[in-house]
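Coming up is one lone chain in structure tokens, specifically the form predicted on its own.
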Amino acid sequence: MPDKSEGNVVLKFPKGFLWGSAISAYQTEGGNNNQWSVWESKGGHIKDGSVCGMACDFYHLYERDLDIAKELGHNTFRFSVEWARIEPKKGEWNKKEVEHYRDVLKAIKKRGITPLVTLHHFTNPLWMEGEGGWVNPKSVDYFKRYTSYLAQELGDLVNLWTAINEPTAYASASYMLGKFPPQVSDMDQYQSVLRNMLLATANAYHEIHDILGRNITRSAPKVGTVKDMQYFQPYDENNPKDRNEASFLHKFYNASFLDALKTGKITPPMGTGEQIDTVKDAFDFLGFNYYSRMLIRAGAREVLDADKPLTRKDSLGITDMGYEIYPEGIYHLIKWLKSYSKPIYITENGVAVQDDERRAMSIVLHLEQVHRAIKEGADVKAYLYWSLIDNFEWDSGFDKKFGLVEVDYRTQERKPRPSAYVYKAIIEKNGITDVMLNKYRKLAAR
């Protein structure tokens, strides 16, 4: 049932604010053939025993899902293009798949929704993985070629681009923690992957602008990051060792990648301080994904593996992913991101929970913190909830429910959850009412 929240708007968002949701190709399309699908097929890797398979069949059902997004008031939609579809063999382009993504983009724009395209979301073509994946320095050139091709083929339909989703999360999960394929735990390879993804991100920025133009007009493309963020907070704020540990992890995980893009100086873990001018200022906006904080005790750097995080009484509960619900963290990160002097796009924020009322609570209370940062001068342009529909949550499988829209994987039936209508009410008002705030603050206090 649609949310009928009344009351006065007390937290008004800026005019023209972008509201929407996000998905990724592999997690929703179905029928992909890449390094993830091959890894899954070997068995024993996915916690709920599933394989992605047809997933949500977004590949064929995208019109239906975009109709739902439109009905829910979304004016922005982030999705990714599957590299393995576009270039299934090295140097060979699949025109049929290019036309498919053109059709998806046309369907998005037909509904009055702004597309935000991500070029890489955790998955590699088999040929590229066979050559060493992102450890191989040639991956930078391969991604540049792929970016150039898509800018030419899709550029007339896209103004908002991001290159690589969550490079630090990808490098950490695949090459440090050994959780994602190829399940390596090697710090040297981790550093190589992150460096190559940094260079590829910068190249994508230049390629898209060179092909589509650099004129500062409404139609000029904007190319941004999608950086995963953790709010590293000392477990004991009065303990200098905890503070130092949290500060180190913030610099290592959050700041080093963005600092390199801002200054062109490549510091650890990606380099030794060398200057690469083509990396400097290679982003138009700062996209970031926020899910939780990490409480840090001295000597506990393994907390980057977030399956069993520390918790504290000021959290609002633990999600099915094992994350704390901690809305204030997004405020602190936005305040820090102001120092980069770029527009800020929240490209993912969401919770996997069984109790949908807590999903609505999370949306409202995170947006309260986003508004707090905006009021204090942060240039936040967009908020995209993760995700529009339930999907395949990587090594967790299908049992983690992030979606505003429930998916029955047997029938592919879609059913918007009540939280989707709470979010719709916020979008329609371009703000949050006192009734919403009071309701969800009370729920959070239970």
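Just so it is clear, the model here is predicted, and its values are computed rather than measured. The first residue of the sequence shown is number 1, and the count goes up from there.
Separately, the form predicted together with a small molecule exists; it is not shown, and the next lines address it.
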### Query
Just one stretch in 320 to 328, 104 to 112, 205 to 213, 355 to 363 has heavy atoms within 4.5 Å of the small molecule in the predicted complex, so which one is it?
320 to 328
### Query
At 4.5 angstroms, heavy atoms only, are F122, N289 and F402 all close to the small molecule in the predicted complex?
yes
### Message
Is it the case that N165, even though its partner is missing from this view, gets within 4.5 Å of the small molecule in the predicted complex, heavy atoms only?
### Response
yes
### Message
Considering non-hydrogen atoms and a 4.5 Å limit, does the small molecule approach E393 in the predicted complex?
### Response
yes
### Query
Though only this chain appears here, would T28 touch the small molecule in the predicted complex if you measure heavy atom gaps against 4.5 Å?
no
### Query
Is E82 close enough to touch the small molecule in the predicted complex, meaning at least one heavy atom pair within 4.5 Å?
no
### Message
So the small molecule isn't shown here. In the predicted complex, which residue out of Y59, Y421, W39, W386 has a non-hydrogen atom within 4.5 Å of it?
### Response
W386
